[in-house]
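One chain comes next, on its own, written out as structure tokens in the form predicted alone.
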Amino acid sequence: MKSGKKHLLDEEFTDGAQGATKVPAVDNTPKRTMTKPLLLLGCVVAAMLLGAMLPVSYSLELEYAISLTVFAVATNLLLGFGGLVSFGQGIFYGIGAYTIALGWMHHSLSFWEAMAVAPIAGAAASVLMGLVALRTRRLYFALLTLAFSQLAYVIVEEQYGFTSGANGIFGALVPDWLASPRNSFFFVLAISVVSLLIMAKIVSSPYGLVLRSIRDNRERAEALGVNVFRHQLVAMAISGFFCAVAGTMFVIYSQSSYPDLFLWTSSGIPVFMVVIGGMYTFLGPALGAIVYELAHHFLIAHTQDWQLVLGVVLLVIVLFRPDGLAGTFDFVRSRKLRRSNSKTEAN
């Protein structure tokens, strides 16, 4: 049992990727064990340097892209690892943002108090939605989460006296030192890195392995005594928690909250990011989030038909590389490793 679990962990970056060449764990474990932490550390150092050196406008855009990595990876806990297509994650993203905004507006809560409450509120709301939505499967689950998203949007938009309606909430929602673009960049980077590390630990834990087994074969997991409903409900709570964390970082970036955060389109954006980056890898959605947001920013500045361009890119990825950008990189790396092993055996 231990060897099988180790094999699953070794295959984290190829699990479920269509067309990827499987390489025996004995051959590649040492390389991947060293490569993953070094790659993550290199990305963090590169982000810190860019945040310190880029003009403020570019560092703000990069800050927003980094915050979206948490949103995308949290969504992928359901989509890629849990097999649950949810169009309701924007609810918890909006809850994270509105907890800070409403706490400032009505209850004089400090930013830090509201930021501590927001993830808990997101997880609680996710559990409530899961208690209903998880009674259904597949398409019906997706449609039900979509309905919840639209319901939340209508409620927030119509409660003008409490939420300011369609006008949203704007103001000094963050402390003065955090309003500085440079300070906010490093703060968002730190929160994002910690959040990703926690989610990585969850995915690689025995719970994460069971969740993937439910995704692959629900009936077999149930036959082995796994409480599928409970595991999926916990996954929704974890995802809602970190989606709300991403929502709090949106407030740091924009110093505002508005009802559109609850729209189903806001829930669809992280799904696009997951597909672009690769839903069967952990860091793939993070890569997809950065690529999506930077491409989105570039296209808006150069063409009015940016949605058409992004749609074509998404279509090409779905048709030709359904395992996303991370899956493509892994496929190339696996082929190189296989050729190297073949040459070694030949010699």
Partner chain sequence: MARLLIELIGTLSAASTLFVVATGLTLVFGAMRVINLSHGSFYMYGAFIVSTLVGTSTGARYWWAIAVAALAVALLGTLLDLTVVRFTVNRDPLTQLLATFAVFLILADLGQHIWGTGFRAVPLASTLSGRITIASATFPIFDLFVIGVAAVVGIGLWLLLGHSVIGWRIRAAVDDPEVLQAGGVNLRRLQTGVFTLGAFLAGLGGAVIAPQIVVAPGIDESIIVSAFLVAVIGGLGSVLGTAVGALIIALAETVGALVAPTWASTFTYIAVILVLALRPWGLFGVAER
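Numbering follows the first chain given and starts at 1. What you are looking at is a predicted structure, and each value in this text was computed from that prediction instead of being measured.
The same protein has a further form, the form predicted together with the partner chain, not shown here; the description that follows concerns it.
Under a 4.5 angstroms non-hydrogen atom cutoff, the partner chain in the predicted complex has Trp306 among its neighbouring residues. Contact annotation for Ala286: none of its heavy atoms lies within 4.5 Å of the partner chain in the predicted complex.
Trp104 falls outside the set of residues with a heavy atom inside 4.5 Å of the partner chain in the predicted complex. The closest heavy atom approach of Ala124 to the partner chain in the predicted complex falls outside 4.5 Å. Although the partner chain is omitted here, in the predicted complex none of Ala65, Asn167 and Leu294 has a heavy atom within 4.5 Å of it. Proximity to the partner chain in the predicted complex, defined as a heavy atom within 4.5 Å, holds among Ala116, Leu197, Ala179, Val154 only for Val154. Proximity to the partner chain in the predicted complex, taken as a non-hydrogen atom within 4.5 angstroms, holds for one residue of Ile252, Leu189, Ile238, Leu263, which is Leu263. Heavy atoms within 4.5 Å of the partner chain in the predicted complex belong, among the stretches 294-302, 56-64, 309-317, 40-48, to residues of 309-317. Contact residues in stretch 155-179 (any heavy atom within 4.5 Å of the partner chain, taken in the predicted complex) are Ile155, Glu158, Gln159.
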